[in-house]
Ligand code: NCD
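Next up: just one chain, as structure tokens, the form predicted alone.
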Amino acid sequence: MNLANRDLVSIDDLSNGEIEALFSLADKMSDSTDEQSGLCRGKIMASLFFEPSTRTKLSFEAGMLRLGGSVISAADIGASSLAKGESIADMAKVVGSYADIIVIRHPWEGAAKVVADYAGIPVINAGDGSHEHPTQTLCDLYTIRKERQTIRGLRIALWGDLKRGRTVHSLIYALARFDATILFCPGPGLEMPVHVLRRLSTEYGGEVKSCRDLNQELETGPYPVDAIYRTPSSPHQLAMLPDISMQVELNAGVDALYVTRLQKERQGPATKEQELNKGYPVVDKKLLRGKGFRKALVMHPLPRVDELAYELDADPRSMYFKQAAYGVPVRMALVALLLGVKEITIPGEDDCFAPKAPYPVYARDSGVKCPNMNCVSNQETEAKYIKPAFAIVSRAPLTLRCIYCDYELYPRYIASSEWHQGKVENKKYHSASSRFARNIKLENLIVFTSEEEAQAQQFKPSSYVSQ
């Protein structure tokens, strides 16, 4: 199968079968690095890293050079035309005429999607704000597969900053697709975002159980378990006794402990550093003596700060430097596939992740904006090219998901473009919870997050507006 001219913006841009086949190609490239040196001769990679990076940037560039290609780069927004107010879309069009493939890291969530929409060449997301980091997830999955021979059915604990850590946001979707059980172990106030958990439970099957919502106190051992995701293939003999079932899950131990650092650069400016560090969980020898971690791989996307003790570097369970090294063959395989210089054989359909049919998209200009102020759709320089757009993921309750950053919002009011027939006196808005929310045809749906938005467009409240 040929993956030429595809983009990798989200981990869901690759099926399970494509991921497995990519890993097989990475194995071959790792075993015969010298034989790959002519694959990308004459090809140019644009390496656009507008946030600090060491491993991701260098592994992509090393991979392209090992494939025989060339690299052009930009590594500082201040030294690029973006500092002059140029839009990402314009930059993408220009760079797309200089290179054959783009790798981009940017602080705005959704920036990689905009580049992919406008560049006209394959685009790889190397991290967009707190949103996703799909190639790190490929390296993580590859590491687990190399060490455990499989990903399916494993128990993975995610540790640390789950709120703003983009690596774990991509990773949980992939783990769920490969039938893993996930334990969430966040630092204080750093729990996995609600919209990420909701997407996890609604689109990948299985269930997310919060430890705080159970009737009795669970013994979580030496680690702070906040919630557990159980795959649909997990045994559910104890489903009628959730407290006991959860305790069984906790007592079973984990196959891998995925540690993340505190994302200080994404915290609000008013947050004090001492408050951030207070209570942040640390992984050290003492913790790993617990029976739950006896056979656990210790993983980390790096860089580390204080959350992972240096004393663990010599521990045979520590995988983080292997993860970094695997980044070269994995990214070599990905680049070769997207440039079309290599093809792969995809396993049978039973092994492939089949995403749900695309949700209908709401893109009407009714004043609704993404609630995430770091979303690319909220940036002034991009307003000329892109407008807020949302996937309608539910009608009851009405739920919109930003197509750029995945944040969700719940409009309070709705109207129809059909009912008023162009007459101002007939323009009425209704509560989103009313029966009208489900009766309006999608092509006629107008949503508002406030009465001010509705009234600014000359709509008046109907008798169905809740007081």
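All residue numbers are counted from 1 along the displayed sequence. Because the structure is predicted, anything quoted here is derived from the model rather than measured.
The following text describes the form predicted together with ligand NCD, which does not appear among the structures shown.
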Tell me, please, which stretch of 143 to 151, 297 to 305, 190 to 198, 116 to 124 lies within 4.5 angstroms of ligand NCD in the predicted bound form when heavy atoms are compared?
-> 297 to 305
Of H169, R230, R105, R177, which residue is found within 4.5 angstroms of ligand NCD in the predicted bound form when only non-hydrogen atoms are counted?
-> R105
Answer key, ligand NCD contact in the predicted bound form at 4.5 Å (heavy atoms) among N378, S318, S87, Q263: the residue is Q263
Does any heavy atom of K43 come within 4.5 Å of a heavy atom of ligand NCD in the predicted bound form?
-> no
If you check in the predicted bound form, is Q136 within 4.5 Å of ligand NCD, heavy atoms only?
-> yes
S47: heavy atom within 4.5 Å of ligand NCD in the predicted bound form?
-> no
Might R55 be said to contact ligand NCD in the predicted bound form, defining contact as any heavy atom within 4.5 Å?
-> yes
In the predicted bound form, which residues of 359 to 384 put a heavy atom within 4.5 Å of ligand NCD?
-> none
